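Only one chain is given next, in structure tokens, and it is the form predicted alone.
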Amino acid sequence: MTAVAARAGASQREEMARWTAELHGVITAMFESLDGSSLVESVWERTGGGGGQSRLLADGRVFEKAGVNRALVEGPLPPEAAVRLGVHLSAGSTPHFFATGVSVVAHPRSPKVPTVHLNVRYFELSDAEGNLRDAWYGGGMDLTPMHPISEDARHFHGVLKRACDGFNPAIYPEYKARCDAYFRNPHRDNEARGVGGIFFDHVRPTEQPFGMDAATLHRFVDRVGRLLESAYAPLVREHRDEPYTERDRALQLFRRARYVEFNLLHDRGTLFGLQTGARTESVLMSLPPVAAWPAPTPVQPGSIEAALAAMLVPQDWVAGG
């Protein structure tokens, strides 16, 4: 790679840093508007290079916990992280990585308001001489209802589909299928974490089948990063003041436990953050403040538990849309 190409990689990193900083601010403002409370920021540095800003809303009016984190980390890529990323290393080589992204998880107080997760990220690999060797995007967003409200899933998926269709109608079904396959607990009979959304990783302009060049691909990922206002905020406003029962709360805590199990046992982002030395509290910000593992009981036909379980079966939420 030429010196010009190497400098272009550095310029790209600066652009990506500005991009995630802007998204971080936009999403923070949305959650503060929804809750009426301010997110508290913690700035951290990573040994080896980089750091981040973690913004947390705890014990708010609407959200028991909501985290909006931004990371910008770099340094030698640990071998265990390289293996998980599918990076093929030559003997004795240690690539340098650069990664920046925004991660969001919100656990509402009311069981009627679903939990949401969003992540967008950019990743680069360079060789020992600093030459850019690979770069890709990843991200997505998904919804985890704690109460069986099918209309919420239809709204959420409808917004995602329309956004994807603006780039290529083939994107939504492909990335929805990836999301349905990924957010599952294999140790729980492959039970889904929620009603899904879209998920993508290792997406490069030269390899994805949707006809997006580098600039278009970046616009697509940026669009995903800004979808919470239209896909999720309306659900919060609709349900945040609705009454709920102790049974509703018990179901919420049970479903949160399954959320915890996925994030600790199977989530790639959690494992990558821990393997690369990111701030532990930021990596684990996705965990709810309260969850419950009650004794197993049979699900009764016609119950809210049965209705919610039926929603977790992957399905076409925008049929005819």
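All figures in this text were calculated on a predicted structure; none of them were measured in a lab. We number the residues from 1 along the sequence you see.
The following text describes the form predicted together with a further copy of the same chain, which does not appear among the structures shown.
When a further copy of the same chain is considered in the model of the complex, only one residue from H202, R219, R188, R247 comes within 4.5 Å through any heavy atom, namely R188. Residue contact check for G50: none of its heavy atoms lie within 4.5 Å of a further copy of the same chain in the model of the complex. Interface membership of G269, defined by any non-hydrogen atom within 4.5 Å of a further copy of the same chain in the model of the complex, is ruled out. A residue is said to contact a partner when one of its heavy atoms sits within 4.5 Å of a partner heavy atom; W44 fails this definition for a further copy of the same chain in the model of the complex, lying far away. Using a 4.5 Å cutoff between non-hydrogen atoms, S37 does not count as a contact of a further copy of the same chain in the model of the complex. No member of the trio P234, L308 and P314 reaches a further copy of the same chain in the model of the complex with any non-hydrogen atom inside 4.5 Å. Contacts with a further copy of the same chain in the model of the complex, taken as any heavy atom within 4.5 Å, map within 284-299 to L284, L287, P288, P289, V290, A291, A292, W293, P294, A295, P296.
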